[in-house]
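The chain that follows stands alone, in the form predicted on its own, written as structure tokens.
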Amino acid sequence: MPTPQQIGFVGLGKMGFPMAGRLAAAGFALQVYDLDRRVKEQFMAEHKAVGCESPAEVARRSELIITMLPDSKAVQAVVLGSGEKVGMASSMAPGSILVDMSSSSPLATRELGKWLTSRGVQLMDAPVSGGVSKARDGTLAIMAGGSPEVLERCRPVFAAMGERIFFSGPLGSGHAVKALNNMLSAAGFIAAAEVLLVGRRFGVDPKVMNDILNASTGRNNSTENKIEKYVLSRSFSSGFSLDLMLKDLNTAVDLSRELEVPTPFCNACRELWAAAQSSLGRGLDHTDVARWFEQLAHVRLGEQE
């Protein structure tokens, strides 16, 4: 079957805005909606797109609808409706496709998929990794769960936003892999912060030590891409929030519990991030968690504020 050309996009946040922009640049006919009217209008001023007044209107106009929202609850509210607000499902034609690119709960995704399938709508979960910079340049990693046939129909759409497209398995597997990936990333970040603080106390310059780690077996994504750029610089501006990181860690821990797989290390990692959020407050960048470890150690990794 042909690739859908009428694409709906719901959720123009830090990631959704540039991702939808890549679709507009690729020539897809785009229908967009965001809860913040100003953001929607800004997108329309910068890109060729039709602005919709509701998610239901997006669904009526689109063959394929992408959601890029904070969590499963937000996705379900948009799809199924909430209170007096009509959901997209009531306007989605049989044969249409819903792609949830949010970082949602894999178990909730499976349940939503069953409901949509009974009404002739295909659901695919396709969360992304790479952050705002890769969303802007269209080089995200996309992990897609669901039907292989639906993935092939969606592939040209995904290719406009991502450089590497992975078929992760059955519905919900993309969301599972995304949460587990972020758990591993979160563990690497706080491990890097701790060892750098020990080195700092001993008298080793954190930048020198980070360079050594990146030439050694201890290197990870955080030492290579985050520590110097966001922590040592004191910018704490990666574009991915501490609140969303903790949400993903909760998803990973909940999944392991549901599947009865013991994960003592992941549980401890989640608890440390939760303690940092409780101490530092909400609304911060996820790299701000390094400041909490600095407070515990009474040592700073960067000289400038």
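Numbering starts at 1 and follows the sequence shown. Everything quoted here is computed from the prediction, not taken from an experiment.
What follows is about the form predicted together with nicotinamide-adenine-dinucleotide, which we do not show.
For the options 196, 78, 161, 144, the residue carrying a heavy atom within 4.5 angstroms of nicotinamide-adenine-dinucleotide in the model of the complex is 78. None of 144-152, 183-191, 124-132, 86-94 except one has non-hydrogen atoms within 4.5 angstroms of nicotinamide-adenine-dinucleotide in the model of the complex; the exception is 124-132. nicotinamide-adenine-dinucleotide is not drawn, but in the model of the complex it has no heavy atom within 4.5 Å of residue 24. Using a 4.5 Å cutoff between non-hydrogen atoms, residue 58 does not count as a contact of nicotinamide-adenine-dinucleotide in the model of the complex.
In the model of the complex, no heavy atom of residue 204 sits within 4.5 Å of nicotinamide-adenine-dinucleotide.
In the model of the complex, no heavy atom of residue 51 sits within 4.5 Å of nicotinamide-adenine-dinucleotide. Contacts of stretch 226-254 with nicotinamide-adenine-dinucleotide in the model of the complex, defined by any heavy atom lying within 4.5 Å, are made by 239, 240, 244, 247, 248, listed in sequence order.
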